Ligand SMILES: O=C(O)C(=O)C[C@@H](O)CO
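So this first bit is one chain, no partners, the form predicted on its own, shown in structure tokens.
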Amino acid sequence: MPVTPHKAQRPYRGVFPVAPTIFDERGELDLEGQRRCIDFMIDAGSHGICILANFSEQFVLTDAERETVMHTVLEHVAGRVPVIVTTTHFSSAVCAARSKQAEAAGAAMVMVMPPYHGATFRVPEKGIVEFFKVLSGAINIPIMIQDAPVAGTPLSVELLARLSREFANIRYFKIEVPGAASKLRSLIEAGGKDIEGPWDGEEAITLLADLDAGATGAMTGGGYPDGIRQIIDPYFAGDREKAKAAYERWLPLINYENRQCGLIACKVMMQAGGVIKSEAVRHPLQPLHPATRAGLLELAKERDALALRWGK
């Protein structure tokens, strides 16, 4: 059933981390753990939350599990913050159907990658435009285009600006390709008022440069929204020096997550702090090596990350 509408007003700004999908040690969905994860992320200062993204292990979930996670999260959030639902699929029709379902369930926005499959299946620019035309016509809520290397699909600034001009609900762009700051700056210049949300991604590893380029949102991992808030709050308040100092403080942890751990980092932190019972990822994904795990927790503890004490 639809949930209470979110109270935040557009344009959406701030920290919108990706929530992990929580499993038990058998690899089954842990819905109570999922709810606790969401509560932690909100308590840690998330302005909104994204679910079912790549960092949520969306690629190991069945369609039924996706629906279960979506409804569980949306019902539990109950309008406290906006929730972005990732609905990526190669098929225009399937992506549109997933997105309609998300909108009906109470999602504030959907996030979608261009159609791709494996290392070689791509569609030309004409097919990308037609794909987003189908999607745009299916829903009324905003669409965020995720521009990430995993898709292997070049999305030029000109193409992204065209999509924002031609389709009224394509308004948000998560840019996480090499040279993200330069691309964000060029996109803002090319798209003007149609670029409602130029956002940073990739665990905020280039956050300060992206903010300087005009980014208004950051979609990070879910382990330390409190740390990212320490960077963006002073930046948006006009105190770049304070933001820069906070970025320098948190960057070793951001870098360690991005380069050494990947999507499991937030689960390790949440488990260590009693937020969730298990840090399990679904096979064939692998657990962290004990030394890598220890390095992550050392950096998180030095920065007093809320995740390490929220559940204790």
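Numbering starts at 1 and follows the sequence shown. If you're wondering where the values come from, they're calculated on a predicted model, not measured in any experiment.
Below, we refer to the form predicted in complex with this ligand, which is not included among the displayed structures.
- The three marked residues, 55, 201 and 219, each reach this ligand in the predicted complex, with a heavy atom inside 4.5 Å.
- Of the candidates 77, 107, 111, 215, 111 is the one whose heavy atoms come within 4.5 Å of this ligand in the predicted complex; the others do not.
- Screening 196, 176, 103, 226 for any heavy atom within 4.5 Å of this ligand in the predicted complex leaves a single hit, 176.
- This ligand in the predicted complex comes within 4.5 Å of a heavy atom belonging to residue 146.
- Proximity of residue 18 to this ligand in the predicted complex falls within the 4.5 Å heavy atom cutoff.
- Of the candidate stretches 201 to 209, 178 to 186, 237 to 245, 128 to 136, only 201 to 209 has residues whose heavy atoms lie within 4.5 Å of this ligand in the predicted complex.
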